[in-house]
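Read the single chain below, which is given as structure tokens and is the form predicted alone.
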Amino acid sequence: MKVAGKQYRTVWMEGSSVFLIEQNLLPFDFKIFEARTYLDTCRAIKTMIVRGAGAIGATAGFAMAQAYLEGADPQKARAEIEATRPTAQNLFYAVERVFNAGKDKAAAEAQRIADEDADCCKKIGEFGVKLIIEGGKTFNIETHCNAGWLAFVDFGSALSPIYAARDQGKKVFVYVDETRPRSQGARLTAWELKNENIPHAIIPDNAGAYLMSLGKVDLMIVGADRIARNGDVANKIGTLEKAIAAKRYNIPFYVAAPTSTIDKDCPSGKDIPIEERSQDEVLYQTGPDKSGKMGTILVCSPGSEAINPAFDVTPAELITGIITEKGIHRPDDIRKI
């Protein structure tokens, strides 16, 4: 995708350094972060300089390649990389592939994973755009969190069909869930859509069911961080609530993800580890003041504690279909893939 007319991927490797769009600064500032060592890249994943299933996977693959280039103990490095984010399946998928490639082929394998991620997301858009029906009126889509190109190497998963629809001249409008506590929808999805001139509005997380009840949502598309063998899906916290509301109001609810997000060794959603993040993400918010100076402020009752699960699990029976680079599938067909 392009930023200020220049083509960017979310993450790439040059020499022994990994370069990443610093997503913690968006949408207020656009900067590139350079991770010179595999431990720097681990920190970038852990602190969410990079986030999103495919982008985490590609970054982890590059980190494993860096470890080989640095002469680090491969087993130790693999364990450190895999410990950064426990829920994202793409991370484990990429690390295993690069680890098994060995020292001489690690960098090439990591680049192959990144290229495959971008290609898969482009194909997700080609399949998913068929769900966006032209009927002489604007087609309204709701999203949750950010599953755009910032969450992958390029194109994105949940937003890829929207970009394809725009390119085909279809009229779309996107309701962007703010996605507390880190506001990836309000900060990242909205920034992407604004850059692409796609009509949209940011909505509070608890407004989705109301809009559905009014018939204002035609389709909901979300991403995924891990898909179990039975079709259960782990995604950003709040996804389950949206799936329940969509079921109540007969709104098609689709998950978009490359097949690398499917964990063939995970029987069901009950077996997916759910990451618990710092309570500070709930209690504090970061942004610029009127002068443009970035700062962090307390937005909750002083002295109160918070609970911050990063993901929830949506059971397969609430999901209309899963869009992958291989087509659109029923959740119970995932095991065949």
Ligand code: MRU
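Computed from a predicted model, the values in this text were never measured in an experiment. Start at 1 and count along the sequence shown; that's the residue number.
There is another form of this protein, the form predicted in complex with this ligand, and it is not shown here; the text below is about that form.
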Answer with yes or no whether N235 is in contact with this ligand in the predicted complex, where contact means some heavy atom within 4.5 Å.
yes
Is G223 close enough to touch this ligand in the predicted complex, meaning at least one heavy atom pair within 4.5 Å?
yes
4.5 angstroms heavy atom contact with this ligand in the predicted complex for G57:
no
Test of understanding: in the predicted complex, would M48 fall inside 4.5 Å of this ligand by heavy atoms?
yes
N146, A151 and Q184 each touching this ligand in the predicted complex (heavy atom, 4.5 Å)
yes
Heavy atoms within 4.5 Å of this ligand in the predicted complex: which stretch in 130-138, 70-78, 235-243, 168-176 meets that?
235-243
Would you mind checking 103-139 for residues with a heavy atom within 4.5 Å of this ligand in the predicted complex?
none
